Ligand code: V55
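In the block that follows, a single chain appears as structure tokens, in the form predicted on its own.
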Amino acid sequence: MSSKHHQLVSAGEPGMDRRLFMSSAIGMAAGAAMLPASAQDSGSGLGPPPGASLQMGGAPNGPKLFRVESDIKDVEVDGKIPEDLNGAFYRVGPDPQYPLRPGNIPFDGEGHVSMFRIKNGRVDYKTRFVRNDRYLAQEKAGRILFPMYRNPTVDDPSVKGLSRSTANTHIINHRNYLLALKEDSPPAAMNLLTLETVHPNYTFDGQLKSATFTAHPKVDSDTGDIVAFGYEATGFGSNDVNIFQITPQGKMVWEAWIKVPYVSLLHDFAVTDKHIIFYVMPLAFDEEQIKRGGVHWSWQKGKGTYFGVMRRGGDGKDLRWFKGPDRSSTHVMGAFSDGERVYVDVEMSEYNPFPFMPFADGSKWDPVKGASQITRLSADLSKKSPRDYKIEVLYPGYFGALPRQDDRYNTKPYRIGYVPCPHPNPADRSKRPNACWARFDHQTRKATLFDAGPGTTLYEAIFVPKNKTAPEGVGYLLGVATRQNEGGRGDLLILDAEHIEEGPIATVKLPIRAVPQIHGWWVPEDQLTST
């Protein structure tokens, strides 16, 4: 491959080339990427000003909360829903019951799940809050009882012993349940069709030994098993990680315990047919900040990163850590093993990607260094004493976060990935953050772009195969667009995943704002009708 297509550095070498183009906070991971410009505070590094609304577009004189649970039958559709697209598209994100306290961050809202039920060319829309311990306790009290993100030391005494989970980060289906996930707690299990909360604290029939459960379990490409982990697994601030595998029938068939070099935001991980890979980064547990009443994490410059690889199915004693420079990587696009080499494709920035996460040294957030690109990390395990891991930026002209793939390839070599992004034209980046979806073909290193145009912000997109046996990437790309120039109204866009540049096949036009989203998930019709 020629240098114009990629750049490759050793993890022990100086940082990747900085592109001085941004005047807005692009490349922010997770829900941060969806903050309206009026709610950003990139100067302080602490995020939106107190009371700024993630849901209502940050209007200074408008309501601070959304909280609308919806049931809309036969939503208006422009175009035609494909005949082979039947199932449900689920989304979840933070939607605070009460205005967030000053100093808190947008990630701390209660989990609000939405469902686009697609069947026979028609679409129904339903949303419900996850009614878990936290939600019900605050509903009864009529006020916030958990006032700071992942800081139990400032909780109201009345909620001692209750789960702090917001259940607001991701969802996945398992055993006819929809599991709403937040990585500091066990999942909450919901009814797939009604969105009723069935089990507020789901522990897989008591098999879950970890105190926590990741927001990003992987589905084995061959067996359908869930491979997952919990960090801070033995309690708040612990450096223990529990890794496990659960069959579609709900039986835990493997687990291992490891320790991390330091307690870090271990938000995602990678699983291949042979290996488990973790990435420890300097967004780290800050005990002193917690004692002062602050949030769980701060960016701690100089800690370095650790790329950890272990054999899948083993006891974890073979775990090897490769050290590298300060970087941030919060989400995995895909991963695979090639003999004794492992490859993990991630969104990666030079440092803290979240403008609202504090810096331990008091630094101000830099939107250039905080911008993420799709980056390939790799390590050669055949070497007896490799000193580092490799870092390769795959698409230098593109920035963005929340990458996805065809989820049938979670643990296999894959070719196609997707990411929401600003327009690659430097003149348009600051004007239209997160107005595009990019499709990346790793075999040809070609990027294809869907541009939603001015006044539109795009959430994470998901891929839906045309059928169970369809080749990789043959199917549909689904995601929600917020029409900022229409009062924040939401549309579900359905695109041909092979030709996203052609625009939507169909647009499902909500008459209201869509609930917020961090991540989404597709459940096909045959898995819904079995409930």
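The first residue of the sequence shown is number 1, and the count goes up from there. None of the values given here were measured: they were computed from a predicted structure.
The same protein also has a form predicted in complex with this ligand, omitted here; what follows describes it.
**Q** Please identify, from 165-173, 111-119, 126-134, 246-254, the stretch that has a heavy atom within 4.5 Å of this ligand in the model of the complex.
**A** The contacting stretch here is 165-173.
**Q** Would H267, T330 and F354 all count as contacting this ligand in the model of the complex, using a 4.5 Å heavy atom cut-off?
**A** Every residue of the spot touches this ligand in the model of the complex.
**Q** Answer yes if any heavy atom of D406 is within 4.5 Å of a heavy atom of this ligand in the model of the complex; otherwise answer no.
**A** Although this ligand is absent here, D406 would stay clear of it in the model of the complex, with no heavy atoms inside 4.5 Å.
**Q** Is F146 close enough to touch this ligand in the model of the complex, meaning at least one heavy atom pair within 4.5 Å?
**A** No.
**Q** Answer with yes or no whether F107 is in contact with this ligand in the model of the complex, where contact means some heavy atom within 4.5 Å.
**A** Output for F107 is yes: heavy atoms within 4.5 Å of this ligand.
**Q** Verify the contact flag for V515: yes if a non-hydrogen atom of it lies within 4.5 Å of a non-hydrogen atom of this ligand in the model of the complex, no if not.
**A** V515: no contact with this ligand in the model of the complex.
**Q** Using heavy atoms only and a 4.5 Å cut-off, determine which of D345, D225, E183, D286 is in contact with this ligand in the model of the complex.
**A** Comparing distances to this ligand in the model of the complex, the residue within 4.5 Å is E183.
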